[in-house]
Structure formats: structure tokens, C-alpha cells
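Shown next as C-alpha cells: one chain only, the form predicted on its own.
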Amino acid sequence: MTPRSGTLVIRWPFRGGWILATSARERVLLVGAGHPHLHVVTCAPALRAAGTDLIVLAPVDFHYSGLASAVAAGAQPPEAARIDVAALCRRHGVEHRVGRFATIDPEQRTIGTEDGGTLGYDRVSFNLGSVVAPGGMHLDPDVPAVKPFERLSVFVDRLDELDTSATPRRPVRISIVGGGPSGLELAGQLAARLRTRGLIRLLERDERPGAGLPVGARRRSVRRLMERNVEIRVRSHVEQVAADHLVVNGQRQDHDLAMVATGLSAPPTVLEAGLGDARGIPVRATLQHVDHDEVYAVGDTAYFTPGPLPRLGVYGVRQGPVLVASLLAARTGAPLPPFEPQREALRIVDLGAGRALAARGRWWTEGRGSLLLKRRIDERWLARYR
């Protein structure tokens, strides 16, 4: 194949053939460092060869949400879930700007940062993760939540302090608001750690905890928690969560510590910047914004308009290679590859005490084998970026 004048020719295995790239260089800004963007950083040499320069705007560290519950309960140290973004960027020759996104001007193709800085781009991709959606509850600012991960340090420090002072007459009282898989996992981890030193209450607004899991898996997980004396309260409408109490169904309930594990939404900056709403940044199958071809969104930050996706890390992981292929294809004007989500995704809930529950579609299993599988998946993914 003879290249056209003014082009670079590289071979990219994802596309299975030759890619032609124009000689003019393109500046791609990666805002946030979640699953997909970490993959893009590792592909920086191929993108550079095609004339694409990457800049990452993100904090120094990325915190892997797959270990959030284990870290919160003290089963894993915080560093076990941490990836050094700065070191990863250095290793692959990518410029890293430490900071957070604040505003965007699509016409000028610039974004503003929280510290007042400005960055220009030819293309920009957002991978900002998600946050807990209050769902009408009033949350005091100092109440921790499962997301963003950075807030877990408050919970961990307070739990360590309470655990060392707990006595049989005065167990640690913990309220977990939200009975989805994250809430079940957290309750199981805490029950395994505290045992008789803890009084754990799980509050779920619905009649059945474990939304998104098969019926049998829901029942098994609830049974496991009840065997460890976790108190599960359904039809619990929580109105307020404070550091020392919550208001549920109009009644005050005191606790020593609380964790909010309700549904997730896009970060507030998505709405404030005019990029989307609580569902996320609306994107087409090509992961491009519905109104701006040069703006991409991936992971929990994206609202996949062809069909809403669960906020599971596996979708973000699979979007990484598609985003790389899209950035390469954009250099030639070739059709951008669509993201084709898998119909059913594997979900593994670590219930603590050496047991986990794995589910995919209607299939599910529970036991030590599921936990070993989860650990293998987590360790292999983390090792890729360390």
C-alpha cells in the first residue's frame, strides 16, 4: 500500500489493517482518569505515531472502585485500590496536569479548571466517574458515601477509632443507607470485621434488597447477612442522614457511623458545565456527544443514548479500546467504530468472610470460588497499570 503525500502510515491491530493519519498533529485532552482513560494512556505510543498528543487532566491518584467496600471495612488497605496516575503518564510519555474540570467552551474548544486555569483541545474525552445520588435525602456534608472513593478515608479513620474502643456492652452502631449490591457488599464486609462488636443496620427503600441481582442471588445474600446479625430494614424512606443519626419514616435513629450507598449519578460538574444531566453526558454509539463531534464521554460519566447502561466498571473497561480506535480513525476521516455493549455483564459481590456472590443474567453462584475469581480479575486489572 502506497501512502498519500503528507500522511503517516501505522499498523493498528485493533482495526486489523493500515491507518492513514494526516501530518498535522492533534491535541486530545483526557479529563479524568477512570478505566477507559487509563487504557488510552497505555496506547499513547500508537496515538503519538498517528500524530495525536495526549494530555491528562486528573488528580495524582486513581482509586479503583472494585475494592471500595473492602477498603471501607478495613479488609484491604487504601493503597491496594490506588493507581499512581502521574507515574503511569510518565511511563508512557503523556503530559499530566494535576487538577479538576470546572467549565467548558465548546466553541473555543477550551476547558476551565477548578484552580482557574485554561486548557485547549482539538478533541476532549470525559471520564469523571459518578457520585452517590441523594434521591431526595438531606445529607450532611461530613457523611461519607461509597462514591466518590476519596470520601471513604473519613469512614475508614472513624471506623478504626470506634472499633478499638468498642465493648460487648456498647457495640459500634452503623447505618448503611441503600440495599443495592454496594450496600450488601459493605454490610457483609463490616459484619465480617466487627462480628459481635458491631450493630449493622441496612436500610432499603424497596421491598427487596439487591436490585439488579437474580431473585435467588438476592435471597442468598440477604440470608448470609442475617446469619451475621445484620439488621435489614425494607420500605425505609430515609429523609436525612447526619453524622450521629438519621431520620427514617419520620423517626430518628441514632448511630455512630453511617455510609450512603444509594444509586449513582453523574458528577454535578456535568450539569453545571451544560454537558448533560444527572444521567450523564449524552453520547451516541460512537461515544461522541450528541451535539459535539469533538467531545467524547466514557464510563459512568456517559449516558449511552442507544440504550442506558448499568454503572458497572466492565463497560468502562470495554470502552477504552473503542475510544483509542476512534481517536485513530478520526485522524483519517474514516468511520468511527461504535461501542457495542455486551448484553449481560458479570457482577461479583464480596460478602466478606471469604465468600462472594457472582451473577450474570439469570445465572449465579455463591462461595469461595466466586471470591477467588473476583480477586483474580481485580489483581490482573490493577497490575496492568502499575
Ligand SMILES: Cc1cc2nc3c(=O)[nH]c(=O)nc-3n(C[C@H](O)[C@H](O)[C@H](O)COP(=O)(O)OP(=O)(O)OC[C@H]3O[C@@H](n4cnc5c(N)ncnc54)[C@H](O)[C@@H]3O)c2cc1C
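Numbers for residues come from their place in the sequence shown, where the first is 1. Because the structure is a prediction, the values reported are computed rather than measured.
Missing here is the form predicted together with the named molecule; even so, the following discussion is about that form.
J.: In the predicted complex, is there a heavy atom of the named molecule that lies within 4.5 Å of any heavy atom of Gly210, even though the partner is absent here?
T.: Answer no; every heavy atom of Gly210 is more than 4.5 Å from the named molecule in the predicted complex.
J.: Is there a heavy atom of Pro59 lying 4.5 Å or less from a heavy atom of the named molecule in the predicted complex?
T.: Judged by the heavy-atom cut-off of 4.5 Å, Pro59 is in contact with the named molecule in the predicted complex.
J.: Should Ser130 be classed as touching the named molecule in the predicted complex when contacts are defined as heavy atoms within 4.5 Å?
T.: Yes - in the predicted complex, heavy atoms of Ser130 and the named molecule come within 4.5 Å of each other.
J.: Indicate whether Gly320 is a 4.5 Å heavy atom neighbour of the named molecule in the predicted complex.
T.: Outside the cut-off, so no.
J.: In the predicted complex, does each of Val177, Arg220 and Gly352 have a heavy atom within 4.5 Å of the named molecule?
T.: Contact check failed for every one of Val177, Arg220 and Gly352.
J.: Looking at 237-245, 297-305, 194-202, 275-283, which lies within 4.5 angstroms of the named molecule in the predicted complex, counting heavy atoms?
T.: Only one stretch passes the 4.5 Å heavy-atom test: 297-305.
J.: Which of Gly135, Pro171, Gly313, Pro214 has a heavy atom within 4.5 Å of the named molecule in the predicted complex?
T.: If I apply the 4.5 Å criterion carefully, the residue I get is Gly313.
J.: Taking only heavy atoms into account, state which residues of 93-116 are within 4.5 Å of the named molecule in the predicted complex, ordered by sequence.
T.: The stretch touches the partner through Gly99, Arg100, Phe101.
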